[in-house]
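The form predicted on its own is given below as one chain in structure tokens.
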Amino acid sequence: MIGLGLIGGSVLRAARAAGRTVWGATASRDDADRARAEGFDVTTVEEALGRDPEALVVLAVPMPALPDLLRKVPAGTRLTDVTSVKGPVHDAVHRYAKQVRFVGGHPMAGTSRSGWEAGSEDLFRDAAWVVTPEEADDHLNDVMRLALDLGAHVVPTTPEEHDEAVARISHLPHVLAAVLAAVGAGGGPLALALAAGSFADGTRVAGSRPELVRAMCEGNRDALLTAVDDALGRLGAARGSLASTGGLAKTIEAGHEGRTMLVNQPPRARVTIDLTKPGALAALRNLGARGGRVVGLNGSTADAETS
């Protein structure tokens, strides 16, 4: 495990709880000291990368730190990551670490807090864990098995489709939360004194460390621009309606429908995907595109649920 913040530290804890042999490294002295105090084996990046050539290495560092780190990864390393963008990570791996075996990953879990102390071995319980494989092979199976061992379910997709999706449901909410928090604070002491649940819920992620939010959102610039344009169009329509008729029916009803779709997702049917067949990669990606997920591995097959 390289990186022991919220996500990396949680992976390390959950993997040990699942019975796996783990060790890690981090550039943060505070995170390293706290992890060692809890009995974890924490060493240098170079030693962690070179200890076992058969180990599955998980990278949990901000996007700007990836190029320098990837240059240190030995050829042949079995590698995955937990970064919140996938297209730029795949590009970086192909540029700086061409001789590794890589499957991109992104667990859809987290909090507004950061650092080792924010982590938990239960963070990934029932969470979606995205994988963005370029081929269906044993390495992909190992990455999916890690996610399943940590209590998550696996959603296979492409880097491009992942980045487009998370721009709408993860990165845009960070931008909107920042705007909402700034607008609320602009109302002065009275506005903040009256702030209650809706304001607290809508601004929760604005409490995240700004440098981490910037790295995440700026790293997905193109897809986020599309999502921001969509949001601005809807806000513009809402303003126009409010100014001209005094009504917000279309905006409020569309939002209510979207929330209802999230809460009341359709039941899923069980399917089995043969991972040895030539079309396995396409089948996995199609599963993810339909909102499906892998919930178990059984030899050469994946047990899955699809909408």
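Heads up: residue numbers just count along the shown sequence, starting at 1. Predicted, not measured: the structure shown is a model, and the values here were computed from it.
One more form of this protein exists, namely the form predicted in complex with a further copy of the same chain; it is left out here, but the text below deals with it.
Participant: Within 4.5 Å of a further copy of the same chain in the predicted complex, do Lys98, Ala118 and Leu297 each have at least one heavy atom?
Facilitator: Negative, none of the three is within 4.5 Å.
Participant: Name the stretch: of 68-76, 82-90, 132-140, 203-211, exactly one has residues whose heavy atoms fall within 4.5 Å of a further copy of the same chain in the predicted complex.
Facilitator: That would be stretch 203-211.
Participant: Residue-level contact is defined here as any heavy atom of the residue lying within 4.5 Å of a further copy of the same chain in the predicted complex; does Asp149 satisfy this criterion?
Facilitator: Close contact is absent here: in the predicted complex, Asp149 is far from a further copy of the same chain, nothing within 4.5 Å, heavy atoms only.
Participant: Determine whether any heavy atom of Pro64 comes within 4.5 Å of a heavy atom of a further copy of the same chain in the predicted complex, and answer yes or no.
Facilitator: Outside the cut-off, so no.
Participant: Might Gly24 be said to contact a further copy of the same chain in the predicted complex, defining contact as any heavy atom within 4.5 Å?
Facilitator: Result no; Gly24 lies far from a further copy of the same chain in the predicted complex.
Participant: Any chance Val155 has a heavy atom within 4.5 Å of a further copy of the same chain in the predicted complex?
Facilitator: So Val155 counts as contacting a further copy of the same chain.
Participant: Just one of Arg36, Arg51, Arg239, Lys277 has a heavy atom within 4.5 Å of a further copy of the same chain in the predicted complex. Which one?
Facilitator: Comparing distances to a further copy of the same chain in the predicted complex, the residue within 4.5 Å is Arg239.
Participant: Heavy atom within 4.5 Å of a further copy of the same chain in the predicted complex: which residues of 163-178 qualify?
Facilitator: The stretch 163-178, when checked against a further copy of the same chain in the predicted complex, contributes Ala165, Val166, Arg168, Ile169, Ser170, Leu172, Pro173, His174, Val175, Leu176, Ala178 at the 4.5 Å heavy-atom cut-off.
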